[in-house]
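Presented as structure tokens, the chain that follows is alone, the form predicted alone.
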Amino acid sequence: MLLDAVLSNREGSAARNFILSAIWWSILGMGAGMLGGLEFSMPDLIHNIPQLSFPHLRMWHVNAVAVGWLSMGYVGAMYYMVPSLAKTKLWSERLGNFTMWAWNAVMVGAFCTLINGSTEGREYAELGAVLDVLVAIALVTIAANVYMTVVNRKVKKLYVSLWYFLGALFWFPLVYIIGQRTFVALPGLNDAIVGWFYGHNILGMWFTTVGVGMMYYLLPRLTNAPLYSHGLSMLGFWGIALFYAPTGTHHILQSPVPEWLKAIAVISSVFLLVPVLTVLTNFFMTMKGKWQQVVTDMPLRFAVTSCMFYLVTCVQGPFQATRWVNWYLHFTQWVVGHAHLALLGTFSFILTSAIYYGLPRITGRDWHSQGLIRAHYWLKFLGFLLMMVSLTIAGLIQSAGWAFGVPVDQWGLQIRPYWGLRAVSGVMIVLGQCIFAYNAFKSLYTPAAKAADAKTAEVKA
């Protein structure tokens, strides 16, 4: 009985528990980002609480959103989508639930250490050695569960989403273990090169690959139209495999890294337009004649918004990886805006679409309120646009100040209003995420919760 309660063997339980955990950590992570944003505008907001100072909040915000919200949500979505595509059950629900508890233990450890300033001091790789080992074990366990599910599939061909999921679960554990370099001391720039190999490839080999796989899963189902081209989608998959790995050095072009390494990073970054164009061509052609559905279908609206932000972020990325533009824009708020465009604008929106689509099919419970879903969308969409515009303008002011030798105390005053707008955007986004969590709670845990309608049940894999 206790085993069933803690490590349930019920179909869909691992996917549901990962998704609910992700929503919980998203509130704590985005809340920390909001508080940090408020401190930019109001430096005297909090006194004598070091745990709530910006450096501590920033580390926790990044890890809670990347490792807690997005990564746990991704695993939950894959635990639903992979069995659906393979026409079979998840290989082991108990193993999936065990991984869920282990991952939550990592997040509790991350919260206790990072918020108290205990860190390895590397950007995006702040977790301690014990937590690194637990994450690596969890990733290998998740990969084993997904791979075995695919091995036991009841269909011969692999749909393109499975290629992306399997690729991500092959690459990301390697990227994580190499990038953490917990047990290997690297001197000077070698540490920075490996650090940005990790920092950029968690985006390319995990968030992008799983996110694009979810797009290819959701768009045909939400539009009731076949994917425009499986050939293009496979070209994009191999394009990511070929071009993404060496791009990270474009973050340190202003350092004495070997010129040949910089050149490879810049050229590879520009060539990333190849897989991006395959994704966007597939997206626009699949959506042909279906745009009116965006008005009423909220999961589709989140997915389409994600694809639009994907277009913008993938135009920005190669553009700002070129040397002169990189010299002009790096170390400004522009880059902060670009990072949020990828993780919040693109991959958070596609994950939210996957949850709104998948959770009723996993649990058999329809969403409590469509009105709350619309409120969530508009708060998140408008809040993100406000954040993106304010950070982009602030970045341009900063870069012009650096380039023309204007004293910092002068251009610093000019960006204060935009930091204020950024703080407002943070409040809107966190409020939207709280509404999302409330809607999920009411849908699953109240007596008035509605059973999924016939249409939803019919589509259930």
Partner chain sequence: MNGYRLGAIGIVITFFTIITATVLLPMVLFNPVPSKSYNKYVKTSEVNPARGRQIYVREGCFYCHTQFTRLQDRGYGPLVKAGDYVWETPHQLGTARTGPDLTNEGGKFPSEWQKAHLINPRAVKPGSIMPSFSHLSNRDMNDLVSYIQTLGNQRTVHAYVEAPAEYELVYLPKKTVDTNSDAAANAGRGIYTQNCAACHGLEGEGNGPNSISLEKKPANFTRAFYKQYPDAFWFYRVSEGVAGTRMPRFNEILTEEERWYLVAYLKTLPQNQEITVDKLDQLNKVGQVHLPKLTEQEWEPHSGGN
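Numbering follows the first chain given and starts at 1. Computed from a predicted structure; not experimentally measured.
As for the form predicted together with the partner chain, it is not shown, yet the points below apply to it.
Enquirer: For the chain seen here without its partner, which of 98 to 106, 78 to 86, 135 to 143, 247 to 255 has a heavy atom within 4.5 Å of the partner chain in the predicted complex?
Expert: Among the candidates, contact is made by 247 to 255.
Enquirer: Using a 4.5 Å heavy atom cut-off, state whether residue 157 contacts the partner chain in the predicted complex.
Expert: The answer is yes: residue 157 has a heavy atom within 4.5 Å of the partner chain.
Enquirer: Evaluate residue 117 for contact with the partner chain in the predicted complex, applying a 4.5 angstroms cut-off between non-hydrogen atoms, and reply yes or no.
Expert: So residue 117 counts as contacting the partner chain.
Enquirer: With a cut-off of 4.5 Å between heavy atoms, is residue 308 one of the residues that contacts the partner chain in the predicted complex?
Expert: No, residue 308 sits far enough from the partner chain in the predicted complex that none of its heavy atoms falls within 4.5 Å.
Enquirer: Just to confirm, residue 419 within 4.5 Å of the partner chain in the predicted complex by heavy atoms?
Expert: Result yes; residue 419 sits at the interface with the partner chain in the predicted complex.
Enquirer: Counting non-hydrogen atoms within 4.5 angstroms of the partner chain in the predicted complex, say which of 231, 121, 371, 226 makes the cut.
Expert: Contact residue from the list: 121.
Enquirer: Report the residue, out of 367, 283, 381, 171, that has at least one non-hydrogen atom within 4.5 angstroms of the partner chain in the predicted complex.
Expert: The option sitting close enough to the partner is 171.
Enquirer: Even though the partner chain is not shown here, does it sit in the predicted complex so that 206, 274 and 436 each have a heavy atom within 4.5 Å?
Expert: Negative, none of the three is within 4.5 Å.
Enquirer: Going through 225 to 248 from first to last, which residues have a non-hydrogen atom within 4.5 Å of the partner chain in the predicted complex?
Expert: Contacts from 225 to 248: 237, 238, 241, 242, 245, 246.
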